[in-house]
Ligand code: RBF
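A single chain comes next, written as structure tokens; it is the form predicted on its own.
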Amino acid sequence: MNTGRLARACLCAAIMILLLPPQAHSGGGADRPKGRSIAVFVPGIVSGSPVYEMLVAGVTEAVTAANARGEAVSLTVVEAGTRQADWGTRMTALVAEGRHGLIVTSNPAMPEILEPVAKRFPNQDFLVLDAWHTGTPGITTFRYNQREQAYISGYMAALVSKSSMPHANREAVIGLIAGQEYPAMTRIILPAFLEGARAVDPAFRADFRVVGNWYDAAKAADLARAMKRAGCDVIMPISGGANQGVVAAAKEDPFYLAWFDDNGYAKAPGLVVSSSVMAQERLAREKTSEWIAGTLRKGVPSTVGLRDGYVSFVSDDERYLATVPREIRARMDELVSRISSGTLSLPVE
């Protein structure tokens, strides 16, 4: 994520960053005209979270482009904090203001939180990325093919684990640390991670552990250390801000990292062996632009993946080239080519 570009775009769009306490808003404003106002609801904190940085950047780009065309579109960014129990209350308060025609957010947990809010405010449009929901006209969701992402990551993890790379061991164990358990994690990501590993060697098993939140880096580090002692030589963290603890543990007592959702090679050069990424910024920009133009297919869930360019494996980063042996890189290129061409089909459901 180019933070400089994000800062410039935010300035051009005159974004107001708003920490939204529940008591600061009350009902009664729902009948005020919404006009061409958009809000980005961040279920967390933007800074330090690539997924949310990309979300804000993409929506900002769409709004900036619309204003450059002479359209009057305003944008507000709401940081709801890391306490998930507050998200529903804060979202309800935001919608009750009645100021925003579209609210954009991103998190697999958001559709469940939004459903009662959408029923209470049926005229409100919601765009939710990295999520799946059907049956509510006001909620439009786009999910990434996380089976592809996790399969690619598991395949690479197994290749590295079986290799003669310095921190690989003889154990057929790879690890996944999640911030929380949620349907996409337990039904798609974890099984696909293991599926990819077992495509290399059926003997592989996955050590799965949960932080319990998306910010406790100290606990994540403790989990990672315990997993290393239990035989894991490659761990994939999907735990938000707590990922920093896994990175710290890898640097202390080296093991390899498979990174998820953005390019993570710079997080720990020489230890990050894969980055399966999602084009969150592009998707946020495109779908927000469609809403502004009135062409967004509202209420229709969609899945996007590697074949249409919304999921990819970063194979040209100099750190990847320096860390991963040529023969492993060649096998990864072959795998990605098979998925991209449709030779290997990995549907989410």
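Between two forms, the rigid core is the largest collection of C-alphas that superpose within 1.5 Å. One-based numbering along the sequence shown. Just so you know, these numbers come straight off a predicted model, no measurement behind them.
The same protein also exists as the form predicted together with the ligand; that form is not shown, yet it is the one meant from here on.
K.L.:
All three of Gly154, Gly264 and Phe313 touching the ligand in the model of the complex at 4.5 Å, heavy atom to heavy atom?
P.N.:
Checked in the model of the complex: no contact with the ligand for any of the three.
K.L.:
With heavy atoms only and a cut-off of 4.5 Å, decide whether Thr323 touches the ligand in the model of the complex.
P.N.:
No, Thr323 is distant from the partner.
K.L.:
If you check in the model of the complex, is Ala109 within 4.5 Å of the ligand, heavy atoms only?
P.N.:
Yes, contact at 4.5 Å.
K.L.:
Indicate whether the ligand has at least one heavy atom within 4.5 Å of a heavy atom of Gln84 in the model of the complex.
P.N.:
Close contact exists here: in the model of the complex, Gln84 approaches the ligand to within 4.5 Å, heavy atoms only.
K.L.:
Flag Met278 as yes or no: does it have a non-hydrogen atom within 4.5 angstroms of any non-hydrogen atom of the ligand in the model of the complex?
P.N.:
Although the ligand is absent here, Met278 would touch it in the model of the complex, with heavy atoms inside 4.5 Å.
K.L.:
Just one stretch in 290 to 298, 303 to 311, 47 to 55, 64 to 72 has heavy atoms within 4.5 Å of the ligand in the model of the complex, so which one is it?
P.N.:
Stretch with heavy atoms near the partner: 47 to 55.
K.L.:
By the heavy atom within 4.5 Å rule, which residue out of Phe255, Phe204, Phe142, Phe260 makes contact with the ligand in the model of the complex?
P.N.:
None of the other options qualify; the answer is Phe260.
K.L.:
Identify which of Val173, Val272, Ile189, Leu102 has a heavy atom within 4.5 Å of the ligand in the model of the complex; exactly one of them does.
P.N.:
If I apply the 4.5 Å criterion carefully, the residue I get is Ile189.
K.L.:
Since the partner is left out here, which residues of 167 to 189 would have a heavy atom within 4.5 Å of the ligand in the model of the complex?
P.N.:
Result: Gln180, Tyr182, Ile189.
K.L.:
Any chance the CA of Ser49 moves 2 angstroms or more between this form and the one not shown, core superposed?
P.N.:
It does, since the Ser49 C-alpha is displaced 2 Å or more between this form and the one not shown after the core fit.
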